[in-house]
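One chain is shown next in structure tokens, namely the form predicted on its own.
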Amino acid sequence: MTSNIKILKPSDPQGSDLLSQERARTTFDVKKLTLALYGSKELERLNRILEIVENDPVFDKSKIYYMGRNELFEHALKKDKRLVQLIKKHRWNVEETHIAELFLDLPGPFGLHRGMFIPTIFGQGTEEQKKKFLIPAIKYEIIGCYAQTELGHGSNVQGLETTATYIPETDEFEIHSPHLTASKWWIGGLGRTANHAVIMAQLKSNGKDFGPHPFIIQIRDMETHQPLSGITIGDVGPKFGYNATDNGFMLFDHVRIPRSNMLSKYSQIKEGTGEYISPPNDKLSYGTMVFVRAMIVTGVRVALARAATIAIRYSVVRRQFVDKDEPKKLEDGRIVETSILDYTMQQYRLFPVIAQAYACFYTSKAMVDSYLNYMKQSSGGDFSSLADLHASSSGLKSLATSMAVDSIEDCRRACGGHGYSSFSGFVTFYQNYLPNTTWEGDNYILTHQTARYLFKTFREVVSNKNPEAYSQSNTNPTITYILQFLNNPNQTCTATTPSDFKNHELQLRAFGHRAAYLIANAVDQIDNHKKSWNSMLIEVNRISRAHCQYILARNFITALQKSHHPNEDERLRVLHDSPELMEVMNSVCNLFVLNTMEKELGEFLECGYITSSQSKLIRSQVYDLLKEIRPNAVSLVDAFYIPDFMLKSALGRYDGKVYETMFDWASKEPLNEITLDVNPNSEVLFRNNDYKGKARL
């Protein structure tokens, strides 16, 4: 490389200056908005943990974009081992460990040990099983994984083929894979790492089948780390992403385990007789699923915030073309190219992603709050809120993760050619986020659960066979909008100007009316026209989407409503006490709601709530909201408080030094150290004597 590169700088204006100018235009206090999002205690934890991991040499990310799979896996294993040391040293709890993992941003071989193995034993194990397995797992004396998915079955858990047959003579279970398709597949941490596994297998006893149940099994020797007799294990090979994790396969050949290895908090097999004792409530596991899906939606808000941060900052620094109508000038009068964020099409692509991120902040908070309320109720035997909570969490997981995947890609494309570079921070980010649309329930399959609940609720309200439903209407938003629709199915929108659509009450009526209309139509098709479930699956997906968009809008709007409760959450109090924050967040909320309406315009027109002329008013108001948000765009993403250490992005750097970083990172590409022999008649590939032994054909 030539020596003058280090003294070159990008053409003016400099990226750092452009971002500084943007931040000076802000109409609100960025630190106050960050406080309103996280709260003081959470911010203290974020800063404390970031300082630890960012300054630990084991977590250095400077070479990560140049690593092949073996190097990447080795780096991830070192990272995970070091993380365990820090967990013990600083006595981090589950939340603090999750924050550290978020900053490290590298799915590793211990991920499923923390994410599924430990929680499953904790949630479904007896006290004796916790002593035997949970305590050593927490101490990392054993490393586990969670083996449910098989080569032939994923979403259809009832169709799993691995069997666990009770043998009364020896008081054991025999674990067996009767077919190739019974092989456990895609199991994180299984390929090379785990020595124990929680496996889901079909329970068989006394000639009867009792469906899938969880069992703990040791799968590798604790000294040699080789697979135990009768167990075949391996890595599934290269993947679209997640290549720092050893997703594995596993087959069993009549492997025996003690009866006590069946997780038995809720259901058991009696010693000797093989009698099956069923759980007291077949929906007890739903609570755990609700929590997991709440955590996934929390992850969505981070993913959206991260994508928007990179794209917005880069769009300020990136300049293309001269706007002839409104040319940009430097202080000395020179005309320069326009920042691409000043083009309305770029705003239309990116500002809704900011709005989606904020919407998911408030919905994830609402989901966690609802889960905690349910746990209090269920401890007293009250499971009345579980059905609505489970159905809504299923649909929200589906909607939110699909929205995130689409928006990450939209943000990457909005960065043009440089968005294709790994240095953009989008490539591995997108690859590693993508599985969220499949695990913990395929996004299309999950909508079935949401729609079934909505159909059942609609029928109950219509038939008045469940009087309790009406008493719940004040707290159950689903029943609320169904009742409103049934009381006035021909209700229409009263808006006559674009600004009328900024009315939150009008917005919620629109979303509720649309969802209820779709539900009513589907129930009519199924009940009166005898349509098959399969023929209605497209409608099922639309209905779940409509219901969950209503929830997202409702949670965002509710968060902006001032509360006079003395114990109001600190985050909401900070928001409500600041007129400047309330003004900008109302703009963001309105953009989320109206942009969603604009995208789903066909359904709002179909249900008759709005007219074609009103649809033009919605579009006009969306354009006005882009203008409102433009001065605050950079500060709105700054408030997400995502550090450069996590972004790993040349384009999204806080200081705006995009081009300097792109060139610096490119200069470190190992390929640049190779000198080739390009003579087709020569067997030598590389002229460097020190590169792979002067490789030859």
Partner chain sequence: MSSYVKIPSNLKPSDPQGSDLLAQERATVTFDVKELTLFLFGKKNLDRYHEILRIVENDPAFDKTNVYFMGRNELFKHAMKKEKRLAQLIKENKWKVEDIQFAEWLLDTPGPFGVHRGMFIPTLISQGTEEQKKEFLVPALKYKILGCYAQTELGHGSNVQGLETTATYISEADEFEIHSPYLTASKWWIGGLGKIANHAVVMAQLKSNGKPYGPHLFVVQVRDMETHQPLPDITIGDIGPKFGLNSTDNGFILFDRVRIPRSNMLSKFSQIKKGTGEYINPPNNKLLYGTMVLVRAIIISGVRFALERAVTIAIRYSAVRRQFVDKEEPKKLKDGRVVETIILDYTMQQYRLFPVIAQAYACFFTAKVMIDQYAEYTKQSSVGNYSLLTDLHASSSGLKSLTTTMAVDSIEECRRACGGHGYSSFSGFVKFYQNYLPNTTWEGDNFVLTQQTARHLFKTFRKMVLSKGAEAYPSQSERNQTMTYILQYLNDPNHTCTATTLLDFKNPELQLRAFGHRAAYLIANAVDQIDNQKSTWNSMLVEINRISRAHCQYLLVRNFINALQNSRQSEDEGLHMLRDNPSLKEVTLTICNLFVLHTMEKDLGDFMECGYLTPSQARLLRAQIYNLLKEIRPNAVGLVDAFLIPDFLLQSAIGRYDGKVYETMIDWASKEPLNGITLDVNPDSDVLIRNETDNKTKAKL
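Since the model is a prediction, treat every value here as computed from it, not as a measurement. Positions refer to the first chain, counted from 1. Here, rigid core means the biggest group of C-alpha atoms that superpose within 1.5 Å across both forms.
One more form of this protein should be noted, the form predicted in complex with the partner chain, which is absent from this view; the next part is about it.
Of the residues given (Arg542, His213, His513, Arg293), Arg542 alone sits with a heavy atom within 4.5 Å of the partner chain in the predicted bound form. None of Pro579, Pro327, Pro279, Gly602 but one reaches within 4.5 angstroms of the partner chain in the predicted bound form through a heavy atom, and that residue is Gly602. Although the partner is absent here, Lys78 sits close enough that one of its heavy atoms falls within 4.5 Å of the partner chain in the predicted bound form. Contact check for Glu660: a heavy atom falls within 4.5 Å of the partner chain in the predicted bound form. Under a 4.5 angstroms non-hydrogen atom cutoff, the partner chain in the predicted bound form lacks Trp92 among its neighbouring residues. In the predicted bound form, no heavy atom of Gly123 sits within 4.5 Å of the partner chain. Within 4.5 Å of the partner chain in the predicted bound form, a heavy atom is found for none of Gly299, His390 and Pro631. Only one of 352-360, 411-419, 374-382, 93-101 places residue heavy atoms within 4.5 angstroms of the partner chain in the predicted bound form, namely 411-419. Residues Leu601, Gly602, Glu603, Leu605, Glu606, Ser612, Ser615, Lys616, Arg619, Tyr623 are the ones in 595-623 with at least one heavy atom within 4.5 Å of the partner chain in the predicted bound form, listed in sequence order. In a rigid-core overlay of the protein, Glu683 has its C-alpha displaced by at least 2 Å between the shown form and the other one.
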